[in-house]
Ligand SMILES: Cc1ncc(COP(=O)(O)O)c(C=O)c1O
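One chain comes next, on its own, written out as structure tokens in the form predicted alone.
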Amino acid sequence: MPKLSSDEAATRERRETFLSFQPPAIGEEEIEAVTETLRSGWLTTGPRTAELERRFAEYVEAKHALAVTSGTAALHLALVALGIGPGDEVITTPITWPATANVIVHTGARAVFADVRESDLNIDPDEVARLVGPRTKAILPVHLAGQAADLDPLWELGLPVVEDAAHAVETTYRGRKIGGLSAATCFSFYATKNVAAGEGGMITTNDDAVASAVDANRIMRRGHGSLYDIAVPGYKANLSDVLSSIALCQLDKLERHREIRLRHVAAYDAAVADLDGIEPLARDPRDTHALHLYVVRIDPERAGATRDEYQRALADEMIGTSIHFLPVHRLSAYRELYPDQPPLPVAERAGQEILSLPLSPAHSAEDIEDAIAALRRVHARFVG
């Protein structure tokens, strides 16, 4: 994709139609797969889900893969499988979607927020170590935007680690696939994710006991016909074959979609290098980044305006953006739940500066050129 100069950006016309932030890349393959599944009569969990579990386990190099209704359900069932409950504490990051913290609360445990690193906004292992106490029973890091969190120092603390890998289907950590490294790893198949089935999630693990506990809790009924039993008072969290058929198609397209994302990210990198006060999050060259999001930080002093002003100006230019994420500990529910929460200065500053630019394999090169041209025009206006 050719690099747009400032002059070219200034003369490029504003889009006539709004550029959606992250549309799913769905084609005829997914439509045909759903149709075939509907004709098969398997609307609930069946052979498509079993195939998805097998193939996903192979892809992430894990012994077990268990499909569930969402990434949120995956996180919740993983914590339940580890015995997390009332009186326990789980350390997690504030820069995440609230579901990461919500599932801790759902178990009856307390979410303890550790500040993040300036470079990639992933959880800071030094802060985690400082917060470990007698009630700490697990650590829940997030691989933000597709960059692996720093896992080695977390494992060294000797506590179970449950990875929130909602952004990280293609991520590797120090040459190893995310998915079979910790006590449990949780993926999302939400509509915007790299494997976009609309809804759905997956728990992967090499621990037989964790896999057994997840399986017991995700489907309440056991047995045949009218004769059934339950081993535990579990949840209704099994994935349907309809959604699994979409996820299988998306799994087939991962490499093709990654090539598109790589081109889009390279174009963004070249553009923002010229824009003072706008910088992307760091990507560790030792790891494979899933390129789920392209997040920039906007320094209002150097960029001439705040993140919110940039977001509104880009919307006026017909460019959709998003924010990943506002600090969870500053949201109303958590301010009320944990009124004694101390400040987390890195996360709080980042929450005012981060902006996600459009990034999807459904975007064309021209779409990304439009986004870059709009960003250049907005930046030029703000910096004068």
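Remember, predicted model here, so these are calculated numbers, not experimental data. We number the residues from 1 along the sequence you see.
Keep in mind the form predicted together with the named molecule is missing from the figure; the text below concerns it.
Judged by heavy atoms within 4.5 Å of the named molecule in the predicted complex, the contact stretch among the candidates 240-248, 80-88, 113-121, 193-201 is 193-201.
The candidate spot formed by V142, A166 and S188 is fully in contact with the named molecule in the predicted complex: every one of the three has a heavy atom within 4.5 Å. With the partner omitted from this view, the residue of T171, T72, S182, T107 that lies near the named molecule in the predicted complex is T72 [heavy atom within 4.5 Å].
For the chain shown alone, N217 is not a contact residue for the named molecule in the predicted complex, no non-hydrogen atom being within 4.5 angstroms.
The closest heavy atom approach of A99 to the named molecule in the predicted complex falls within 4.5 Å. Within 4.5 Å of some heavy atom of the named molecule in the predicted complex lies at least one heavy atom of F325.
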